[in-house]
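This document opens with one chain alone, in structure tokens, the form predicted alone.
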């Protein structure tokens, strides 16, 4: 608990740094020396994990054999990628910056060392930063983690920094986005929840006493909550950069809910939603990044829940107009800054937040697939955190089944499944 408190004490400071923290490796200035520089058996390429050192030393083997990121570049050669490239008018996917920005460590040529290879995909330095300086010093026992970070190591142990790094590809940022054009060409829809996606990654580190001493002792509930806050901020950022500043006749439709349009005309799903406020036929924003803020605000700031609902509604309404969007984004950003100050209460109120999510689900408030998807992942990790996942596993599997296929999502079936829980 002490480490969680220390983390939140530094949260306000970190959140004010440019782009919410350290500059992500793709945009930082350090040279990327290549995965091969990390792969030696005496460095991070050991076949078996070791216990006599601060790190396992088998990180390269775990990444190369088990981590899908290592195959990200190779995906650009498959038939789906070839079709997407043709549809976009590209010669190929594996040479297009549009694709390489997220499927490889696509730093400029002048920042590529002699052993650097694009074919390594999303490799060590894609996440941990260009090793030009820290490569020769990070193994020094007298070198602190803070010194390594100063030398270019990206602080993935810091939840804010990790969120910004992961979201830069899995949501998009100021410079890159899975646009409606890209998805129209065949690219799948993007989604992410920071704690769940972190847990699904094959771990190449061990949170032991040494890790806790050098870095931060992780807590799933805190990772989830901070990830949700950053997802909300990233949503505001994307709308600001790719919608509010756009002069195109048609807006960037990837910022809107795919399923608002992509369903059969005979499948009439529309119902009035007070938090959206748009009339039938309107294309509503993809507010997955805001969906879990609602239950947290209800628990941590109940006196402000109506204010947040109004801010959300105003944002949706402004997105369909030519004026007012900038003001809505600013007001929402101010609210999120105020909400951030309450996040230190999350560890002790996690069960209340879970119950609020269940209440919202039982009342049918997750009509959109993207919100239901976030709700299921949240309930899963909050059940685990509160020690009740084991006895809820059958029900949880039923809940997951309702969001298994986005094309056949039925909000009434989801609501019914939410009502099926007992004994939480």
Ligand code: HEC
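Predicted, not measured: the structure shown is a model, and the values here were computed from it. Numbering follows the first chain given and starts at 1.
Beyond the structure shown, there is the form predicted in complex with the ligand, which is absent from this document and is the topic of what follows.
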Of these, 229, 311, 72, 325, which has a heavy atom no more than 4.5 Å from the ligand in the predicted complex? 72
Would you kindly say which of 146, 334, 119, 200 lies with a heavy atom within 4.5 Å of the ligand in the predicted complex? 200
Looking at the ligand in the predicted complex, is some heavy atom of each of 219, 242 and 354 within 4.5 Å of it? no
Residue 365 near the ligand in the predicted complex, any heavy atom under 4.5 Å? no
Does the ligand come within 4.5 Å of any heavy atom of residue 213 in the predicted complex? no
Taking the ligand as it sits in the predicted complex, is residue 112 in contact with it (heavy atom to heavy atom, 4.5 Å or less)? no
Residue-level contact is defined here as any heavy atom of the residue lying within 4.5 Å of the ligand in the predicted complex; does residue 55 satisfy this criterion? yes
165-173, 344-352, 301-309, 326-334: which one contacts the ligand in the predicted complex at 4.5 Å, heavy atom to heavy atom? 165-173
Contacts with the ligand in the predicted complex - residues in 290-316 whose heavy atoms fall within 4.5 Å: none
